[in-house]
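In structure tokens, the next block holds one chain alone, the form predicted on its own.
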Amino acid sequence: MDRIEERRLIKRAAKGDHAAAEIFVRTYQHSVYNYILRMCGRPDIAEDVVQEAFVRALTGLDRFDPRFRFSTWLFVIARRVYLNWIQKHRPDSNSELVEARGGPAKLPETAMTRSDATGCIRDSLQAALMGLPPDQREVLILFHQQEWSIRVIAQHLDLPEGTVKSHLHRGRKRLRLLLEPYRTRIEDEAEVLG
């Protein structure tokens, strides 16, 4: 969606046009959900956070700054909603979130279908991501999953670009270490997919 169309839709949605608001939801729901899911590792929390983020964004369109993209603004709102959720549930820290999911992903030892292999790889990656410090995890997700540039991530997180690069480098290095126990099994599953 280009900026002209985006601004036109924002004006319509701000005036109560539900069809315009629905376009924003359909356009960005999947990417915001994936971002939050990778941050917390729990679909139920990700769904709640994304729903709240859209409610806040769509009811607060009068505060939208047109110098920025709607998607960037929405990600900022989703991040704040998620951080507020963490604050509210402080005893349920990220390490406990992984435990609530049943602990780190356990890879089955049986023969796998293509779908099973994809799921196990995804679960292994999520378990490893949850082992990263939140700042490194977020930078990795925004860079690799959302394909944001270093500059955009730095603006989004209000960090110097050098700090973002450092988080990215350290996060990749730690992620490799965290994925090492899964490596052989993931390689076997990749053959199923290949």
Partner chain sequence: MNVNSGNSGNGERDGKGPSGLPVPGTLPTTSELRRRATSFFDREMGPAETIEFQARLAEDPRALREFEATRRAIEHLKTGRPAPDLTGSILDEVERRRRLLGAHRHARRRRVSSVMTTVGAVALLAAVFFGVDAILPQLGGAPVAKHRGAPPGPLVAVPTAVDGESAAPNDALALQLRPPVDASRDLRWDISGSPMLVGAPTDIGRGGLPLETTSWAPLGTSGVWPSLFPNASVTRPPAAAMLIEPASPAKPAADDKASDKASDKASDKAKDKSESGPKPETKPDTKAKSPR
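Numbering follows the first chain given and starts at 1. Not measured: the values here are computed from a predicted model.
The protein also exists as the form predicted together with its partner chain; that form is not presented, and the subsequent description refers to it.
When contacts are judged by a 4.5 Å heavy atom cut-off, residue 158 does not count as touching its partner chain in the model of the complex.
Using a 4.5 angstroms limit between non-hydrogen atoms, residue 135 is distant from its partner chain in the model of the complex.
In the model of the complex, its partner chain lies farther than 4.5 Å from every heavy atom of residue 154. Proximity of residue 36 to its partner chain in the model of the complex: non-hydrogen atoms within 4.5 Å are absent; the residue sits far from the partner. For the three residues 58, 125 and 172, a heavy atom within 4.5 Å of its partner chain turns up in the model of the complex in every case.
Shown without its partner, the chain has 13, 14, 16, 18, 21, 22, 25, 26 in segment 13-28 as residues with a non-hydrogen atom within 4.5 angstroms of its partner chain in the model of the complex.
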